[in-house]
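Next come C-alpha cells for two forms of one protein chain, structure 1 first, structure 2 second.
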Structure 1
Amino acid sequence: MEGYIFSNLVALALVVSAGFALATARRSDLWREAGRTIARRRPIALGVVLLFIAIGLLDSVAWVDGAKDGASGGTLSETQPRTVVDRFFPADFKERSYSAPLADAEFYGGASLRYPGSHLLGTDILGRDVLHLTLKGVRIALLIGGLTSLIVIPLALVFGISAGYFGGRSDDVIFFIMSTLNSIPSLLLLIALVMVLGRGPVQVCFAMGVTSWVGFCRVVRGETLKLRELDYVQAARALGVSNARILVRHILPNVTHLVVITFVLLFSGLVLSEAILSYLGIGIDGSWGQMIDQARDELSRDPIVWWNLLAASGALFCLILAVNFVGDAVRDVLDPRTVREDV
C-alpha cells in the first residue's frame, strides 16, 4: 500500500473516532460540563490547539493529480501525492538558496527569485519555503504526541489496573518493572532505546512511550487500589459479577479522567524531548526540532539568517503554550484533588 493512502486512512479513522468519542461524551453530564468549563476558561488556547489539529489533519490527506505511472507525461508535481496543505503553495515553490521574508532577490548574491515577494517567511538554505516547512511540522509534532500516547495509555492502563486490582504476585512483578524502568534516568534510557532501535518516527515514539508510561501507570495503580475498596465494587463482587466485567464497567470509567489529564500534560513534554533528540541527531525528519537544529549556525552568518529559527521555534512555542494552558484547565476541571484557582 502506498504511504499516502495509509496516511489518508489514519486521518479518516482519527476523525471518525474523535466524532464517536465526542458523541459519547456529550451524553454524559460530567464530560459535557467539563468541556464547557474548559472552553469558557481558555477559549484562545483551545482555539489554537484545534487550529493546529486541523492543519495536521489537512496535511495527512493527500492525493495524486495526474496519472500515477506518468504515462501522460506528467511533471513531477503531477505524479507525487500532495496534501491539502501542499496545495496552498505552487507545485514547484522553490528557490536556489536563502531569501529573506517577502524578498525579491536571493539573500546572498542577490540573484532574482522565481517567486519574488511571495515567500512569507523566506526560504532556507536549499531554497525551500519556510512557511511550508513550518506547517508540515505541525503534523510531525501531533504525530509525536499522538502516537506516543497511543503506546503509553493502553500500556499504563493494563499494567496499572491489573497491579492495583489483583494485587499480590502480579502487583509485585509490575511494581518491580516500574521501579526498574524508573531508576534509569529518562533521557539516558530514551537515547539508549533510540540508538538501539534505530531512527524513524515509529521507533522514536516507541522509545518515548517506554520512558514515559511509568509515571502514569503508578497513578492508575494508586487510583485502582482506592476504587477496589469502594462499596459498589465490593457489592458487584458479592453479587458474583466477573472480574472482567467489574474492570470494564466500574474501574475503567473511573480512571478515564486520569487518561485525559495525563494525555494533555504528557503532550508538551514529548514534543520538547523530541527537539532534544533532534539536536543529538536522532530525531524525526521534518520536525520543528530538526528545523531549529539546522538553523543554529545561521545566527553566526553575516548578515544573519533569522527567519528559519524564528519560524520553527515560534510554531513550537505557540503549540506548547496553548497545550500547557489547556492542560492546566483540564486538570483543574477533571481532577478533584487540585485546588480550584481562578487565575
Structure 2
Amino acid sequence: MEGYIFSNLVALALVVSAGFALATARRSDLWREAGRTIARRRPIALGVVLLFIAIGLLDSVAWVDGAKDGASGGTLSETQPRTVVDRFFPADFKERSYSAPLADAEFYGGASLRYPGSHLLGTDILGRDVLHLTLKGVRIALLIGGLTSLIVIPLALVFGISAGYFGGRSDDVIFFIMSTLNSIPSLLLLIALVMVLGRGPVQVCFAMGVTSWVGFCRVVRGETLKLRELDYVQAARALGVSNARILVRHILPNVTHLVVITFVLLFSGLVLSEAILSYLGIGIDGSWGQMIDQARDELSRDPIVWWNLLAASGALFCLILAVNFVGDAVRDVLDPRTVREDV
C-alpha cells in the first residue's frame, strides 16, 4: 500500500472516530455541558487547537494527479502525491535562496524573485516557502504528541494500576522496571533508541514512549494504592465483585483526571523533546525542531535572517500554550474536586 493511501485512511478513521465521539457526547447531558463550559472558558485556545488539528488533517490527505505545473511548464510526477495543504501553494513555489517576507528581490544579491511579494514569511536557504514549511510541521507536531501519548498513557495505566491494586510480586517487578528505567538518563536512552530504531516518525514516537511512561506510572500507582483502601472498594470486595470489575468501575474512573493532566504535560514535553533531538541532528525531517535547528546559524548572518526562526518557534509556542489552556479547562470540568463557579 502506498504511504499516502495509508495516511488518507488514518485521517478518515480519525475523522470518523471524532464524529462518533462527538455524537455520543452530545447525547450525554454531562459531556454536553462540559463542552459548553470549556468553550466558554477558553474559546480562543480551543479555536487555536482546532485550527492546528484541521491543518494537520488536511496535510494528511493526499492524492496524485497529472495537473500541469504552470510555473515550470512540466507535469507533476504521477508518483508524487500532494496534500491539501500543498495545493494551497504552486507546485514549484521556490526561489533560489533567501528572500524576506513579502519581498520582491532576493535577500542577498537583490536578484528578482520568481514569485515577487508572494512569500508571506519569506524563504529559507534552499528557497522553500517558510509558511509552507511551517504548515507542514503541524502534522508532525500533532503526530509526536498524539501518537506518543497513545503509547505512554495506556502503558502507564496498565502497569501503575496493576502494581498499586494487586501489590506483592506484581508491584515488586513493575517497580523494579520503573526504577531501572528511571536510573538511566532519559535523554541518553532516547538518543540511543532513536539511533537504533531509526529517525522515522513512528520510530521516534516509540522511542519517546518507552522513555516517558515511568513518571505517570508512579503517579497512577500511588493513586491506586490510596483508592484500593477506600470504603466502596472494600465493600465491593466483600460482596464478591471480581477484581476486573472493580478496576473498571471504581479504580479507572477515579484516575481519569490524571490522564487529562498527563496528556497535556506529555504533549508539550514531547513536542519540545523532538526539538531537542533536532538540535542534536537526529530529529524528524520537516519538523519545527528541524526548522529551529537550521535557523540558529542564520542569526549570525549580517543582516540577520530572522523569519525562519520566528515562524517555527511562534507556531510551536502557540500550539503548546493553547493545548495547556484547553487542558487546564478540561481538567477543571472533569475533576469534581476543582469545580468552581463560572466568573
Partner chain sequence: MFAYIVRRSAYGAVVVMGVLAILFALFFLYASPQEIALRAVGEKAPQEVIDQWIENHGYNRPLDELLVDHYRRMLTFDFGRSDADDTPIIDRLREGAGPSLSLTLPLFVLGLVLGIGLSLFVAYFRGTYIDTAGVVLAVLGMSVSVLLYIIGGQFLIGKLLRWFPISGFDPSPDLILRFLALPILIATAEGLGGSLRFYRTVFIEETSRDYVRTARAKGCGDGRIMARHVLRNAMIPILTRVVVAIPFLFTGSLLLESFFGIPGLGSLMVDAIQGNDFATLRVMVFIGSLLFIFAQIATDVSYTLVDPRVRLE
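Owing to the predicted nature of the structure, the values given are computational and were not obtained by experimental measurement. FYI, numbering is relative to structure 1, first residue = 1.
Two copies of the same chain, shown separately. Which of them is the form predicted on its own? Pick structure 2; the other is not the form predicted on its own.
Looking at how the rigid parts shift between the two structures, which one of 190, 124, 60, 143 is at the hinge? Comparing the two forms, the hinge residue turns out to be 143.
Two-part rigid motion between the two structures - turning angle of the smaller part, in °: So the smaller part swings through 12 degrees relative to the larger one.
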